[in-house]
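In structure tokens, one chain follows: the form predicted on its own.
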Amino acid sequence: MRDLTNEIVELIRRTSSSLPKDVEDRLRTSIEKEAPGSAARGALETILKNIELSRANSTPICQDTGTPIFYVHYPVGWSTIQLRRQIRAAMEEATKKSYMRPNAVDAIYDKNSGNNLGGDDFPYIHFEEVEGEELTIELMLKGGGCENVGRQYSLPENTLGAGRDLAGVRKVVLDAVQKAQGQGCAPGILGVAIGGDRGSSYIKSKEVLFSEMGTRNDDPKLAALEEQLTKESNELGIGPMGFGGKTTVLDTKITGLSRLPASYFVSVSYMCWAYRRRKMTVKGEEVMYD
């Protein structure tokens, strides 16, 4: 099987140091909505300068290079054992090259591994076998600040008057945005999962963040709710980095899951403005990066 370690190191470098075009474009559009001379506009201007410098110097966009989350879609015949070894070797090398900050801390003994490898669960790697000949590896780096403001609700949530319906979902998601304030490094992107159990709901709320900005759910009800939540979040006045303004949320992504009759979970994964996600595709000898 082909050794892709160096190519995965490059994927990590690109993800850590260069935001996708759709994210940068949305940030540039948002700056025009903020008043000249305002703290909100100043924050966005600083963010955009940081994006340009990081790309030019191949340095991390944020000092917190986040939890590495890999989604690997592999053809029949590829070895997931070998792919896991290559991803972990690439992560260790990328850390040596300072594309990644050492982030894997043993929660029991409070010891940093120094190489971003922590047991079998850090980095997180999800494998899915697919038809065809192409191998794709997607990577998202999710910072700790925005991870800290993620929330999960069990409906009904009587304190918010949120029942077991989409109106209730709307209430709890807006509550999550209100509670995050500037601590999630706004402007943020919301990943929302409705249903599932506690574990699968959180996983899917992050998984939906792999899709491009502006793409809507195929279900018209959920697509309308995505648009509504983005609009109403921006009416809260929190603004970039919590300084006030019109740009609190850049986009909202929602996915619906099956649930048990006794449970109705809504999970909100908040992604900060440093929306770091990239993909590499391997087809024959060719390797392409998005």
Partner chain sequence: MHQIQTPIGDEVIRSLKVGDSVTLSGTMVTGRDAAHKWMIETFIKQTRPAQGDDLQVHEELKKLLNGSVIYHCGPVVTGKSLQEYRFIAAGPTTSIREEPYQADVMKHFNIKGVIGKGGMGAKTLKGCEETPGVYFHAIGGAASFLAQTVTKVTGVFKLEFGMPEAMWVIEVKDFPVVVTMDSHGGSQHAVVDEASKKVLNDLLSR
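Numbering follows the first chain given and starts at 1. What you see is a predicted model, and the numbers here were worked out from it, not measured in a lab.
One more form of this protein should be noted, the form predicted in complex with the partner chain, which is absent from this view; the next part is about it.
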| item | value |
| --- | --- |
| Non-hydrogen atom contact residue 35 with the partner chain in the predicted complex at 4.5 angstroms | no |
| is_contact(residue 215, the partner chain) in the predicted complex, heavy atom dist at most 4.5 Å | no |
| Touches the partner chain in the predicted complex: residue 47 (any heavy atom, 4.5 Å) | yes |
| Proximity of residue 224 to the partner chain in the predicted complex, heavy atoms at 4.5 Å | no |
| Check all three, 112, 178 and 185, heavy atom within 4.5 Å of the partner chain in the predicted complex | yes |
| Candidate stretches 163-171, 83-91, 125-133, 194-202 - the one whose heavy atoms come within 4.5 Å of the partner chain in the predicted complex | 163-171 |
| Contact assignment for the partner chain in the predicted complex, among 145, 156, 75, 118, heavy atom within 4.5 Å | 145 |
| Partner contacts in the predicted complex for 33-63 (non-hydrogen atom within 4.5 angstroms of the partner chain) | 43, 46, 47, 49, 50, 53, 54, 57, 59, 60, 61, 62, 63 |
